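Just the one chain here, the form predicted alone, laid out as structure tokens.
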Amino acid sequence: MIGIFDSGSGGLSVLREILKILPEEKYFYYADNAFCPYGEKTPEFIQSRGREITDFLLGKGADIIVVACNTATAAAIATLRKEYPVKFIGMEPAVKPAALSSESGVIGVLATAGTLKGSKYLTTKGLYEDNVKIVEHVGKGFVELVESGELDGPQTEKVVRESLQPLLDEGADRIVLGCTHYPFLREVIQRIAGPSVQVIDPAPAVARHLKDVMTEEALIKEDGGPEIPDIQLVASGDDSSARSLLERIIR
């Protein structure tokens, strides 16, 4: 079983990509929406939540755990890897593909405050900031929009534009989505950014990495699986939004 957790429903954007290449596996998704968003929480708090959720997922039979949350990856994955024998797959900042493909020499990063302060992101940023200009902005209100199911409409466009426009004004032609909630707003982001701007979601690369690790660890199911994905979902708060998004991705 593959365990997946996020601060809320955002990690379902990662599950969506994983299902494309590992459709026959069993999944248990934990949405920690009672404590969402994680972006302004302390690393110690996120580490504590990570331990509790990891214990829960292991109790359900998880063989590998995907930390489908950029903020939790930044704050907690190193601690979890030290404390538990199970393999953890985290989110990677997609700065590299953005930097290598940018034609304007400016890339924009939309993320939570916690992700932008994380050592993984700062290390990756340091490798490329001599070659491209990297501009950042917190996607203020993005997580709340996704958690409430407001994926489009005038208010959603207004909220998205307020955080995206400063990156476009700097000349960014690549927009990196640094939070797993943000891909659910991708249509709005792309519409505002225009066709000349590429929006980059790291989830497909994370899904491929998960498959590689599972192959190395001999965790891939060999005997086939159900036609309908075997997914269990639990939330620490109201699960209605997460279930609605889950239905959306498995249609």
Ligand code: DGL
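Please read all numbers here as calculations on a predicted model, not as lab measurements. When you see a residue number, it is the position in the sequence shown, counting from 1.
This protein has a second form, the form predicted together with the ligand, left out of what is shown; the following refers to that one.
**Student:** Residue-level question: is V206 within 4.5 Å of the ligand in the predicted bound form, judged on heavy atoms?
**Tutor:** No, V206 is distant from the partner.
**Student:** Consider C179 of the chain shown here, and say whether it contacts the ligand in the predicted bound form, taking contact as heavy atoms within 4.5 Å.
**Tutor:** Residue-level check for C179: yes, a contact with the ligand.
**Student:** Determine whether any heavy atom of P202 comes within 4.5 Å of a heavy atom of the ligand in the predicted bound form, and answer yes or no.
**Tutor:** Output for P202 is no: heavy atoms all beyond 4.5 Å of the ligand.
**Student:** Using 4.5 Å between non-hydrogen atoms, is L210 touching the ligand in the predicted bound form?
**Tutor:** No.
**Student:** Which one of V143, I77, A98, V109 is close to the ligand in the predicted bound form, taking close to mean a heavy atom within 4.5 Å?
**Tutor:** The residue in contact is V143.
**Student:** Only one of 34-42, 55-63, 186-194, 210-218 gets a heavy atom within 4.5 Å of the ligand in the predicted bound form; which is it?
**Tutor:** That would be stretch 34-42.
**Student:** Can you tell me which bits of 204-220 touch the ligand in the predicted bound form, meaning any heavy atom within 4.5 Å?
**Tutor:** Residues within 4.5 Å: none in this stretch.
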